[in-house]
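So this first bit is one chain, no partners, the form predicted on its own, shown in structure tokens.
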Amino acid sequence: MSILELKNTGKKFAGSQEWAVKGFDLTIEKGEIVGLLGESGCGKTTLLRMIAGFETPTQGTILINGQVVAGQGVFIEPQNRLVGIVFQDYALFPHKTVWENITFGLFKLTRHQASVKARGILELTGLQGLEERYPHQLSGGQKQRVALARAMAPEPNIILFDEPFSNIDSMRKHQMRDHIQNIIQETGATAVFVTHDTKDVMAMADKVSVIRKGKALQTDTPPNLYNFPANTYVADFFGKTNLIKAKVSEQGLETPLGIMQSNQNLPASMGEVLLSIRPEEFKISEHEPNCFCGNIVKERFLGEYKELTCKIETNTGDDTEIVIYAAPHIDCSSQKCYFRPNQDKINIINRD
């Protein structure tokens, strides 16, 4: 049985003509870490609030552990949904110690049971020795771990994270992602987090839903979203890509650069298509048959790789620019670049 299901879920706020969320479907299995990814204002936080019970859906149904918690004339209050929440600003009680914050949601347990549970959570989150400190005495990373410990202590069905890394400096982000991911996986918890940062979902999520204007454009694993985006928006959201017009024919993919071969079985009846090829999916070669040739018009050294912008004279007489990631030791002094695409990573996408 799925832990969380959203069926045709939507939200329109009073006085607004636009839907904040429209026709949203999502199924989450036990133990999954799922990211809701999108720009500010796309509806991802509204989705999180509907799951938590802070907002009532205008349409659709939300189920937790197979039980309807919103929709079909039912609305279960937040405190009865067994959902833990880690807020963006942590929302710790400033007048309570770390220990008191963590044990706050354990009021149904005896003092001994709450103490045993809290000790285990403190050890799991690496907060031993900080029990008597107050939030103002903690670093940002420590506050986040206290917020996580407080959310996990009652053993909720789902833990929700609202932009969990927005208040963490870039030097500590990688460490905190790993730490939180390890805690979630070790406990077998199910987690949903909202973010606008693709690096967060690439590093942590088992599954990601890319959201735009309240609608899910594509829901898939991070590698599939990156390598096989459904449309131009998803492709661009996950980083640089080369968008190339093509026509499917018996010879292959007819592009302004020339004929490309794909390992996909593409019928000629497809006609005009749009290709997405990531910069790292071009192999730089010596001058040889079946390679394209470009003039390097810009070279940027980015540490682990060089970013080459190559201008290609096309068979239509127009110039096309291709961005290629090359190994940092590649010699570009000739200002020429011979390359060919990885046939497995030529992806056909929608223009939307």
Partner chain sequence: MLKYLSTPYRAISNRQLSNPWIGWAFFVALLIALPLIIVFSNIFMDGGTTWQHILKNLLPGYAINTLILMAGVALLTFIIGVSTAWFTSTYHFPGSRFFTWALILPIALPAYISGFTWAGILDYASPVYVFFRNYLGVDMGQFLFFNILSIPGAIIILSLSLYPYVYLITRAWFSRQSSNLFEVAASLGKKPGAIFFGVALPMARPAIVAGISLALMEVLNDYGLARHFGVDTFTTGIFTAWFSFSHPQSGLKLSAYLMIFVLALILMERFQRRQMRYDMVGNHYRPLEKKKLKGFMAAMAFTASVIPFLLGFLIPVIMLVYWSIKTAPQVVDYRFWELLGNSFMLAGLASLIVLGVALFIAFTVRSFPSPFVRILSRIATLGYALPGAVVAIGILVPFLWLDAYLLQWSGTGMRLALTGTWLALLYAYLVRFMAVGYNSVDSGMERISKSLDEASRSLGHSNMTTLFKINIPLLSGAMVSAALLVFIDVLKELPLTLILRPFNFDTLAIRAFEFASDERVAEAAPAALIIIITGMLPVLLLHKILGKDNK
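Source: prediction; values computed, not measured. Positions refer to the first chain, counted from 1.
From this point on, the text means the form predicted in complex with its partner chain, which you will not see here.
Colleague: Counting only non-hydrogen atoms and a 4.5 angstroms cut-off, does G141 reach its partner chain in the model of the complex?
Modeller: Contact check for G141: no, nothing within 4.5 Å of its partner chain in the model of the complex.
Colleague: Looking at the partner-bound form in the model of the complex, is F75 within 4.5 Å of its partner chain by any heavy atom?
Modeller: F75 belongs to the contact set for its partner chain.
Colleague: Taking the shortest heavy atom distance, is P223 within 4.5 Å of its partner chain in the model of the complex?
Modeller: Contact check for P223: no, nothing within 4.5 Å of its partner chain in the model of the complex.
Colleague: Does its partner chain get within 4.5 angstroms of any non-hydrogen atom of F228 in the model of the complex?
Modeller: Because no heavy atom of F228 falls inside 4.5 Å of its partner chain in the model of the complex, the answer is no.
Colleague: Can you pick out, from G129, P267, G188, P94, the residue that has a heavy atom within 4.5 Å of its partner chain in the model of the complex?
Modeller: Looking at G129, P267, G188, P94 one by one, just P94 meets the 4.5 Å heavy-atom criterion.
Colleague: Its partner chain isn't shown here, but in the model of the complex which of D169, D89, E272, E250 has a heavy atom within 4.5 Å of it?
Modeller: Selected option: D89.
Colleague: Name the stretch: of 213-221, 149-157, 177-185, 121-129, exactly one has residues whose heavy atoms fall within 4.5 Å of its partner chain in the model of the complex.
Modeller: Partner-contacting stretch among the options: 149-157.
Colleague: Each of N8, R49 and Q59 having a non-hydrogen atom within 4.5 Å of its partner chain in the model of the complex: is that the case here?
Modeller: The answer is yes: all three residues contact the partner (heavy atom, 4.5 Å cut-off).
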